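Shown here is one chain on its own, the form predicted alone, set out as structure tokens.
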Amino acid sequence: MRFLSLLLALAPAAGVFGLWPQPRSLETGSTALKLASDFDIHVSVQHPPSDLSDAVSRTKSFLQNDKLGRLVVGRGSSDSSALKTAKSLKTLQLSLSKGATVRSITEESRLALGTRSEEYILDIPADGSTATLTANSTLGLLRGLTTFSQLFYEWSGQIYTVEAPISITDAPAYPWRGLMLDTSRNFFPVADIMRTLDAMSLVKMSQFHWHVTDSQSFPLVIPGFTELANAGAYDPSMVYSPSDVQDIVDYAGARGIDVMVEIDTPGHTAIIGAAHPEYVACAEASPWTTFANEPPAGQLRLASATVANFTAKMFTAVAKMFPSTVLSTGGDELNTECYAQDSETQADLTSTGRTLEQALSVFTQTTHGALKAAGKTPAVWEEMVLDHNVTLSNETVVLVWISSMNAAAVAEKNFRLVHAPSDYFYLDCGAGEWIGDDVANSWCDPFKTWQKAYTFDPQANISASQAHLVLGGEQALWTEQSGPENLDPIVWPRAAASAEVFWTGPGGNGSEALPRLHDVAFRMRQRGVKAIQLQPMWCALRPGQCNLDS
């Protein structure tokens, strides 16, 4: 039986120590409960998929190896007396709802947006009797296992909770809870991406938006188009091979994450000129400020049928590499002056009798037609809807980035949207300008704190009749000033803020959330993710005592 409709009517619950995101419905007690030395997780699913079995194994490993003491003064020492008489939990029983289709977690995570089932019910009695986790899908079981692993702490070799009995009924408010990573400005090894996926899964994120190429480099090796990476990667070692892509999308899928790749076109494509100079207008033109938003200048000659067909075929090849139903063609920051000064583009416009806007529409219909033929739903940045007169299917997913205020205009045009506004969710803001001879602040200053992201309201200025168009949101890391060296601390735990906004819903109290965010950041560090500290540890161990009014 499905219970999602019930969940959506529930108000956010009071929190336990370390759950992030907050479950939609939660009841706890105050009894200590230990994990038995022979604790095990039993799977009552016929022919369980291998990735479900792997998720169970990971959960048991987390329980044994997190070794996280409670964030209170003395850590777990004050729990010692209660643990002496605490009952022991020997079994967590996993099962699917009657009649549920058994699919792998990976298959479930890649279903079309709005059709994924992530809801679950978790019950942990205080008397040591069997705990149960039920869901409508293996993806829901994964989300419940993630919650279960956050409930337990360690003291003096004992794994325990002090809040039994625990009853949770949970489901996400929005299907799209994401993180975008730009791997073109600077390259990130596969291991860094996988560690990021681990952290995303810990906070129940569902979408990895992989901005894999841009004007600076083309690290993606595409079968049939290998010249692009051969000429466009920073170094032969700084590429993502088809096997790397397979490893990443499989690793993500097993952790409940869908991977949407973005090949930004027709702008942000200067690097394609390294392999095909005939396809790119104003390549590395100077001054770059006239022809691009950042160096190097260069855009695909969108008015050329040859270039449009090349790009469409490239997208067809990319679509075969990524199993997600959604693929982004970008479309942001198109520089019209580049085309105005490009004689070949002007000749193509004259010969076809088209304006630049008409040519852009034809180019987009050609590339999106290729995606539709490949069974993909296109995604674009907001300019394609708000700034250009381009024919788009209303199935197109639109990412709103320039301002949170622009979401309403996208919804008014009846497009499904993903919130990614720079004024709330850009993780790179506040580091100063990276342009070499400019001492100004970055364009999107100030630094976007977790508190700022946590105040975001996905339905602000969206009418009730358009509310269904909001798919969720994502935080974004553009990497002009980031690399593997600072990936973890610039993203975590800040990006967890939006994960809760889009799972639990908006309106949470930041002061009440802070102790839980401390907890998940500490747990991330225990699992090898170098999340930054949010306060002195003195404050983390004394919730509320570092508030202004304390």
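Sequential numbering from 1, following the sequence displayed. Since this is a predicted model, take the numbers as computed values, not measurements.
A second form of this protein, the form predicted in complex with a further copy of the same chain, is not displayed here; the remarks below concern that form.
Peer 1: Check, residue by residue, if W288, E480 and D549 all come within 4.5 Å of a further copy of the same chain in the model of the complex, counting heavy atoms only.
Peer 2: All three within 4.5 Å in the model of the complex.
Peer 1: Would you mind picking out the stretch of 339 to 347, 426 to 434, 161 to 169, 392 to 400 that comes within 4.5 angstroms of a further copy of the same chain in the model of the complex, counting non-hydrogen atoms?
Peer 2: Every other range fails; the passing one is 426 to 434.
Peer 1: Does any part of T366 reach within 4.5 Å of a further copy of the same chain in the model of the complex? Heavy atoms only, please.
Peer 2: Heavy-atom contact with a further copy of the same chain at 4.5 Å: absent for T366.
Peer 1: Heavy atom to heavy atom, is Q64 within 4.5 Å of a further copy of the same chain in the model of the complex?
Peer 2: Looking in the model of the complex, residue contacts with a further copy of the same chain do not include Q64, since no heavy atom lies within 4.5 Å.
Peer 1: If we define contact as a non-hydrogen atom of the residue within 4.5 angstroms of the partner, is T316 a contact of a further copy of the same chain in the model of the complex?
Peer 2: Outside the cut-off, so no.
Peer 1: Taking a further copy of the same chain as it sits in the model of the complex, is L35 in contact with it (heavy atom to heavy atom, 4.5 Å or less)?
Peer 2: L35 lies outside the contact set for a further copy of the same chain.
Peer 1: Within 4.5 Å, heavy atoms only, which of S361, T183, S149, Q216 is in contact with a further copy of the same chain in the model of the complex?
Peer 2: Partner contact (heavy atom, 4.5 Å) among the options: Q216.
Peer 1: Would you kindly say which of A460, A191, V439, A464 lies with a heavy atom within 4.5 Å of a further copy of the same chain in the model of the complex?
Peer 2: Among A460, A191, V439, A464, a heavy atom within 4.5 Å of a further copy of the same chain in the model of the complex occurs only for V439.
Peer 1: Let me know which residues along 521 to 550 have a heavy atom within 4.5 Å of a further copy of the same chain in the model of the complex, or say none if there are none.
Peer 2: Stretch hits, in order: R525, K530, A531, I532, Q533, L534, Q535, P536, M537, W538, C539, Q545, C546, N547, L548, D549, S550.
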